[in-house]
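Next up: just one chain, as structure tokens, the form predicted on its own.
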Amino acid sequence: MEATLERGNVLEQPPENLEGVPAWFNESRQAGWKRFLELAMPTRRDEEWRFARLKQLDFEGVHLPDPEPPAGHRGAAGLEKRAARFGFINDTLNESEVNLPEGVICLPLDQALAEHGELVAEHFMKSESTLGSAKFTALHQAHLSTGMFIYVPDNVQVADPIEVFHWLSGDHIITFPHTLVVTGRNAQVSVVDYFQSDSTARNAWAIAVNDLVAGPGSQLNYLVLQDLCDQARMIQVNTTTVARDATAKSFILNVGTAWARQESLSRMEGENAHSDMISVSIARDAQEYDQRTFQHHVSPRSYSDLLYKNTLYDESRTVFSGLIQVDEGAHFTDAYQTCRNLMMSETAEANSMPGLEINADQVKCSHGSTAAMIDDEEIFYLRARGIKSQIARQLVAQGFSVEAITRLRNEALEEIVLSFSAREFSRISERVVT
């Protein structure tokens, strides 16, 4: 898959046709560019961008990376046991390691398009972006050249997780990571997407899209570990569809980047479909995490549970806007939505806008949001046992995140998330002490 990439501003650069891909994919890229040009940039009058800092949408001088990325992969060590590992530097495949059960397709998107084009086309970007970033999703569609395609056929369980590393390197570059995961009937898989960068990624962007399709009776776990450098920015759009008797669990950890907007839509399309949406964010300095969620219950007797936990230091800021929608006829729905904010500074800011839209009978739906400082009694209790005040505060902050992390109910996945969060708390502790 080759194309000549110029270093002009990405907002003014139409996509060129790629070689070695099905015609429909090039047509999709051109359609994405057309839609990108048609859609306006977000403004303060857009409800979906309420409370957002629009000045962060600065693409001045942002360009596609050089075709030859820097050598070497410098991401996290990752999991001790894994079924596969893929590493991308600036959207170029740098490493791969595969040990998967027979029948599982786990390929870079360009190779999957060449070998399994019809299967990819059946699921590729089928859902419309409805939470505010349609323009940037269209830009992603226009400039997408590779990513990951994972397909687990009926009755196949992948015991160990699949890891995908996305590494950014370079000033004012933009990447378009893409992950498409499809599970067949009674299949099982866990996928971990890492987003990291070095300090050269000044004013760099990642506009990521991932689609999760959980087939009937299947179990699909998807984790995002975001640890980009403090000068990078990110938009991520996630769409999950959950079939009858299937369970989909998505988890997002934020410990990096200057600004991240993450939009997560989960659609329950069959009875006894179950979706868990979990997030932990540790914000410091002037970081901002803008989180938009939509739990859409289409079928009766479906379930969803959302828990977002944000720990805010310094002048950091979070925005949470979540909606539970229960369609007509989706009776006996159980849906819950909770956003909790731990304020570690009087200058931090948390904005929460939970919502319900119920159009069915005999449902159990609730939503809630809290924002509070650490209780003085908790600190007193720890200090009475010889623990210094600053250490006590950090221990409480770390414990605040644990409830969400343990919902993964997988020791290996919990351990990797805890290692990332512990490292961030350690950075903050060292800065406070010094």
Partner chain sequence: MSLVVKDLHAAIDGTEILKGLSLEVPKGEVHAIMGPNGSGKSTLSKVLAGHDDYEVTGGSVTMDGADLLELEIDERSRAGLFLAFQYPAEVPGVTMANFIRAARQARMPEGEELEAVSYYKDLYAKMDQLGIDRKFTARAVNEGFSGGEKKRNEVLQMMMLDPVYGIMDETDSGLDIDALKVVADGVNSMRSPGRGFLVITHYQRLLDYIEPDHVHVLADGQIVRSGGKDLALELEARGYDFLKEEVVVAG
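These numbers come from a predicted model, not from an experiment. Residue numbers count along the first chain shown, from 1.
Heads up, the form predicted in complex with its partner chain isn't pictured, but that's what we're talking about next.
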**Q.** Interface residue in the predicted complex among 57, 387, 408, 62, criterion: non-hydrogen atom within 4.5 angstroms of its partner chain
**A.** 387
Q | Single option in 371, 382, 39, 365 placed near its partner chain in the predicted complex, where near means a heavy atom within 4.5 Å | A | 382
Q: Report yes if any heavy atom of residue 377 sits within 4.5 Å of a heavy atom of its partner chain in the predicted complex; otherwise report no.
A: yes
(Q) Quick check on residue 399: any heavy atom within 4.5 Å of its partner chain in the predicted complex? (A) yes
